[in-house]
Ligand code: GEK
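Consider the single chain below, provided in structure tokens and representing the form predicted alone.
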Amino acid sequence: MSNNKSDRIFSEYRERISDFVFDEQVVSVFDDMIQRSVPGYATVIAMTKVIAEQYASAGSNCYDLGCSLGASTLAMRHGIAADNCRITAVDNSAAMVEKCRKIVEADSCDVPVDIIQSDILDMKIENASVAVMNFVLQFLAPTRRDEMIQKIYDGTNDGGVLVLSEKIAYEDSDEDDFQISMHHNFKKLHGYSDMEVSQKRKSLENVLIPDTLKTHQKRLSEAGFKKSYVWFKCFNFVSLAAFK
């Protein structure tokens, strides 16, 4: 069950650009938006399935933190091979959760899924073998990110994994400019106009505040994760696997 409605949210000129929110308008075009906006998104989701198959352990919980429409949830659901696993999918957007429930209900896999509308910072995480945050931490206030990663670490079992995918900033300004330029060109290649790219960037600038890769790795290490690997990277988007 997918949504093929085309993202035209920023296709008309706006005198004033408001901050980006995951409302019903965004939910209605989210599938199209993220595929055309995040290089390698389909690969990250597909490999989430592979990671869940490898690391989900019997009798444990798996978490999709900031689940949006449940792409990572379904990837895990179809990858999990261990017995008696349960997935908890969490998002703070009522519109996202409502549609996610319909999508998951239409899926035939029998791994149980609980879909919860909540701030992920308020979630209790326990007995976790796999936790996934795909392009979510970047939307949390920078002052709360350490707390979120620590909460995940504390609730993860030894040998468990956190998949953390993020848009990143680069310390070198020339490299940062290059990676941003390539990302914008990627979006234009997928049909967005210069105006759409510009207006969406303006809408996100106070909402999506990227960290550097070094900052992410330091945060994971300080939370207690014994190792983390970059397993995917394209332009200014990366995904890490961090192990307890």
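These figures come from a predicted structure and were not determined experimentally. Each residue number is its position in the shown sequence, starting from 1.
Here the subject shifts to the form predicted together with this ligand, a form of this protein not shown in this document.
Participant: Which among 150 to 158, 79 to 87, 137 to 145, 105 to 113 is in contact with this ligand in the predicted bound form, heavy atoms within 4.5 angstroms?
Facilitator: Partner-contacting stretch among the options: 137 to 145.
Participant: On the criterion of a non-hydrogen atom at 4.5 angstroms or closer, are C67, S72 and N92 all touching this ligand in the predicted bound form?
Facilitator: Every residue of the candidate spot has a heavy atom within 4.5 Å of this ligand in the predicted bound form.
Participant: I'd like to check something about I34: if you look in the predicted bound form, is any of its heavy atoms closer than or equal to 4.5 Å to a heavy atom of this ligand?
Facilitator: Judged by the heavy-atom cut-off of 4.5 Å, I34 is in contact with this ligand in the predicted bound form.
Participant: Give a yes/no on whether D119 approaches this ligand to within 4.5 Å in the predicted bound form, heavy atoms considered.
Facilitator: Judged by the heavy-atom cut-off of 4.5 Å, D119 is in contact with this ligand in the predicted bound form.
Participant: Check whether F186 has any heavy atom within 4.5 Å of a heavy atom of this ligand in the predicted bound form, and answer yes or no.
Facilitator: Because no heavy atom of F186 falls inside 4.5 Å of this ligand in the predicted bound form, the answer is no.
Participant: Determine whether any heavy atom of Y41 comes within 4.5 Å of a heavy atom of this ligand in the predicted bound form, and answer yes or no.
Facilitator: Flag for Y41 set to yes.
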